[in-house]
Structure formats: C-alpha cells, structure tokens
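Heads up, the chain below is alone and in the form predicted alone; it's given as structure tokens.
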C-alpha cells in the first residue's frame, strides 16, 4: 500500500433558475462554504449557471454562453486564489462561432488550467445536446495540482469506460463527473439511477481510482433532476452520498493511498492486453 495521500473534496449539488447572475452568486457562496468545511478541490455540476436548456431542441440559448476566460472564471479565479482551493466550474462555452459543454479548471493560485470540453455528446429525448455543442477537441485532460492529480469528464462521458481508462493511464487518481441527469417528469425509473451509479462505480473498480459525481437537483421543464451526488473509493464503495432532492454541499475525505493497493492487488492495469484491443479504435 502506498503512503497515505489524504485530501478533502467538495461537491456542490444545487438547483438552477432562469437567473444566470443568481446562479453564479449562489454557487460562489456554496463554494466558499465548502472551502470553510475543509474542501481543497471543489466541483460544481454540469452547466452550473444555466438551466439544462438542451432538453429543448434547436432553440437559441447563445446569450447564456460565455468565453474562457470570462465571467465564471473571473469569479472563481478570485475565490480559488483567496481560499487556496482548486475549482471545477462547468459552463456553456463559446469560442468564436462554436459552442462547447466545457469545464473550466482553476488551480489554487487562481490560474486557469487547460479547459476540458465534453467529448461524448448525446442526442436523446430531452437531452438534445448535439443541437448545441460540438464534440470536445482538446482530448482527455489530466490536472496535476498540489492536492491531487485528477481528470474531469462531463455527464454522458461517464457511460464510456474508454474515457475513464485513458484518464487513469494518463495519471488521474480521481475522476470528477459533473452531471445533469434526471427522470422524465412524473416518471421516476429507479433502475435508471441505479444504472447511472453502477457504471461510475465500475470505473472506480476497473481502474483503482476514486470517483466523484456531482449532479443538480430540481424540476426543470420536463426533467426532474435526481441529485444523489456521491463519492466512491477505488474499489467502488460509496463513501458519502447526497439526497435526491435537496441542495447540498457534499464534503468528503479521501485517502488516495488506497488506489495503488487496489491497482496492484487486482492487476486490472498491469495485466491489460492492448495488443488485442484494436477493434476499440475503429
């Protein structure tokens, strides 16, 4: 077992309104509270400052987009520097005439790190993201900070084991999944949430890393977001979990020293057979 590498992370499970400025202010205050409770890396949910507009296909929401750097990074860079925390702020990013579902990552000194742009883009009933976002073109990112080395993968990315494996092979000890997912209005299907939780816990087990998923809450249009943000250890055991319907700040203590013990003991990484995986790249 590797020497203990302990840290504390914070997940901001919040609801979103039509008021972008109010959403920003609330998430800023919740970030301060998470830091006050000891969180060193703090992650907000997907598209934190807007309602989940992709449930309405082919409409114009460009006025809610922002650049990187921009309004969100200005706010959270100041907070990161003041509080000495790392902040993951997922936004609706505009670059020229292109739009992305992105995560701005800000180091504890307030400096911007590389942007992650969501790579897997769905187009399903009430999740019409292909109508708004281009697929990410920066690849999978790994963030080395003084607290931990981690990757950020956004929502639909969480269903793809290849993304998790690449992030871990590139050095990630934690996978953060900022998310916006819920049931169709008045149609709660518990097995949907169980599948969502299971696939992410499986990434922790298969790769021997911690997983942190942060979801939004509240009823927006025809989607009832189920919250249930959680953190699991490197063998998929849930350490802490939020409610399905309340705004919460989930602060969780991690011991990343467990990762290497799981990875070495089960051998899922060292016993890989890349020579047999050619079909995965076709």
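Numbering follows the first chain given and starts at 1. A quick note: this is a predicted structure, and the numbers were derived from the prediction, not measured.
A second form of this protein, the form predicted in complex with another copy of the chain, is not displayed here; the remarks below concern that form.
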Decide whether residue 148 counts as a contact residue for another copy of the chain in the model of the complex under a heavy atom distance cut-off of 4.5 Å. no
Can you work out whether residue 208 and another copy of the chain are in contact in the model of the complex, taking contact to mean some heavy atom pair no more than 4.5 Å apart? no
Evaluate residue 56 for contact with another copy of the chain in the model of the complex, applying a 4.5 angstroms cut-off between non-hydrogen atoms, and reply yes or no. no
Any non-hydrogen atom of residue 113 within 4.5 angstroms of another copy of the chain in the model of the complex: no
Only one of 75, 119, 108, 126 has a non-hydrogen atom within 4.5 angstroms of another copy of the chain in the model of the complex; which is it? 119
Only one of 153 to 161, 67 to 75, 208 to 216, 93 to 101 has heavy atoms within 4.5 Å of another copy of the chain in the model of the complex; I'd like to know which. 153 to 161
Counting only heavy atoms, which residues in 188 to 208 are within 4.5 Å of another copy of the chain in the model of the complex? 191, 192, 194, 195, 198, 199, 201, 202, 205, 206
